[in-house]
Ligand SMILES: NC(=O)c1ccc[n+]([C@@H]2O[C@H](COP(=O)([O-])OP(=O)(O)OC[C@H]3O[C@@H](n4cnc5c(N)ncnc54)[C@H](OP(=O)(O)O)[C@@H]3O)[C@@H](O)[C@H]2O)c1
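As structure tokens, one chain now follows by itself in the form predicted on its own.
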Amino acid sequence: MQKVTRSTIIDAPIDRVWAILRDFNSHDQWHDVVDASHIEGREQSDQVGCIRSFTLKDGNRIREQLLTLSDREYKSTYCIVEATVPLQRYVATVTLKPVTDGARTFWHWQSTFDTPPGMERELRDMVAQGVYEAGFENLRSHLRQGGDLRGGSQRSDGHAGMPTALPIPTRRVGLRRYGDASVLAGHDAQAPAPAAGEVRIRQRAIGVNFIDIYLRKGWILSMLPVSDAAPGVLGMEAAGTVIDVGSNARGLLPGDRVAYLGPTPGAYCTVRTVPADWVVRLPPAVEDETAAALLLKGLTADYLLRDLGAVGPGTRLLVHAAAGGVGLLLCSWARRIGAVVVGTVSSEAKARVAREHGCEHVIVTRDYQFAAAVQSACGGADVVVDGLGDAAREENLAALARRGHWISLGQASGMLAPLAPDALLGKSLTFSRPVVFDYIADYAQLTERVGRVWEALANGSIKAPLIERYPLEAAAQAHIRLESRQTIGPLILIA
């Protein structure tokens, strides 16, 4: 039995190195000996038991199976199940550990295997040098393409590399006074270099949400002050590629595909510098446009169903604007959970889409009259998710079942007037008015919820969104469209 052990130090944070190595199908992207690779049976590349089938550039073919994977221990084990290379009973283990004197990673790689007689040294050297030592250098090179490793090149052109300490031109869409969509206008600005704990992102897609409209109208003055000298820039979320990073940037590297969501507006732009705590790395299967369309809305759906609504099998859920960006996610996800889903929409076309996304009972109304239909369909709603606002006030109270919960999520029809406690007494109702950022108050909460959204997308609990796209400079058109109540699904801006 042969045993090969090799170790090295990689000058990159452990989370970044592990993000590459835990992907059982990533080696054709960074290891020079691998030509092409795929996971058999369309399984996920981090699914224990999956098999990767790959060819080497010398023509050999190998099939390997993932035996164990531990994100807590940064450790994986795999074995060869079939190969044209005569490595017999080959089992290998990859283990990472953080280095205490900086954002570096200790990488230990070892294997045991048998060989045909007379080939011991040849195959031992092939594994030790051609696979392990070459792999160490290949991964370093892969990371250096972003200039993040110590000794990597610093650049001054504003592209991938360490912070240049220089600003980068950016195009922003903002407003100097509150009003209708016509107040939105583009202007040139500078995106500062990232400080400690920050990243600078070249944005590709930007989410458009009703909160952008509320800010544009001046309904939340403290959140977006505006003036002629300092235009306010809208937008809470976007997706794109990391340009450069400051220190302590949570393992993010130049070239990473990312999305972010933050409590400070400013996403309507081409380049933006943001706190790394807002930023999540995107899975390969999630495109930039999908991420920008889903992030805020998906996280909202997660806390509404999981936390505030406590939605489970049999829960009677009323979703207003059921064919909107959040509405479609709620309908689909809640139906997968086993809830009874009732939705309101404003047209028959929207009704068809809502049904396709799991809405069992669809009520078509443009005059905010729905309570009688809800009571008839399901006996009253246990939970109402309301983005309509004041025009739906009395009907929401009438549509709720005893001990029902009204979640006021938005105010598309106008700001909701203060609700007197006595209005809730008749059926022991409860009322809440949540803000998504209180449910992602720290990075662990953000990543946990984002992970559930991506998982729901992968397993079909939610469907890929029906996206409407507008150029960044056409943000005003996107706002007009969203306010028209004619949209189906989310809107994004393309930067």
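One rule holds for the numbers: they count along the sequence shown, beginning at 1. Because the structure is predicted, anything quoted here is derived from the model rather than measured.
Unshown form predicted together with the ligand; subsequent notes refer to it.
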Using heavy atoms only and a 4.5 Å cut-off, determine which of Asp15, Glu483, Asp23, Glu473 is in contact with the ligand in the predicted bound form.
-> Glu483
Exactly one of Thr300, Ser111, Thr273, Asn396 comes within 4.5 Å of the ligand in the predicted bound form through a heavy atom, and that residue is Thr300
So, in the predicted bound form, is Phe136 in contact with the ligand at a 4.5 angstroms heavy atom limit?
-> no
Is the gap between Ser413 and the ligand in the predicted bound form 4.5 Å or less for some heavy atom pair?
-> yes
Quick one: does Tyr368 come within 4.5 Å of the ligand in the predicted bound form, counting heavy atoms only?
-> yes
Considering only heavy atoms, tell me if Gly174 and the ligand come within 4.5 Å of each other in the predicted bound form.
-> no
Tell me, please, which stretch of 397 to 405, 292 to 300, 249 to 257, 86 to 94 lies within 4.5 angstroms of the ligand in the predicted bound form when heavy atoms are compared?
-> 292 to 300
Can you name the residues of 315 to 329 that have a heavy atom within 4.5 Å of the ligand in the predicted bound form?
-> Ala321, Gly324, Gly325, Val326
